[in-house]
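The chain below stands alone and is given as structure tokens, in the form predicted on its own.
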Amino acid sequence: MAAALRPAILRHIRIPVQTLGRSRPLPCLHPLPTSMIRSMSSHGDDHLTREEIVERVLDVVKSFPKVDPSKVNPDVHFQKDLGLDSLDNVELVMALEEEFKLEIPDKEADKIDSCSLAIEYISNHPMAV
């Protein structure tokens, strides 16, 4: 009942608004420090190199519990070469999302079944960090 009453009461209540004096600047008008701004362009200085992506993807795959690290290389297929099943594949893609701070749509995640496809997807994603 209280939830239904609230909108009815709020329509009838008027609250006086006080304006702030201009003696102090509004906090929203201060520019952000450069360290807090992230460029949305994939051409910025903070974009990962292909070598960094390859190294980090291989590290994630090697650290997966069911994987023999000696079999991991940039061309390895998750199911054919490493013997992972489809659930392991999903967990591996989730680990890559966490490593690179991205969200890979399910439709795209289903296509990533090898290190080379993971490397390709991440290197083409402008938000990978």
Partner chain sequence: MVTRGFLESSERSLSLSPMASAALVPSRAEVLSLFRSLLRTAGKFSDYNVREYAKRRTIDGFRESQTLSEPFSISSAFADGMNQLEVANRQAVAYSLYAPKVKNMMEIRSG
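Residue numbers count along the first chain shown, from 1. Quick caveat, the model's predicted, so the values are computed rather than measured.
Below, we refer to the form predicted in complex with the partner chain, which is not included among the displayed structures.
This chain appears without its partner; in the predicted bound form, the one residue of 90, 76, 58, 48 with a heavy atom within 4.5 Å of the partner chain is 90. Mapping the unseen interface onto this chain, residue 97 counts among the residues with a heavy atom inside 4.5 Å of the partner chain in the predicted bound form. The shortest heavy atom separation between residue 63 and the partner chain in the predicted bound form exceeds 4.5 Å. When contacts are judged by a 4.5 Å heavy atom cut-off, residue 104 counts as touching the partner chain in the predicted bound form. When contacts are judged by a 4.5 Å heavy atom cut-off, residue 110 counts as touching the partner chain in the predicted bound form.
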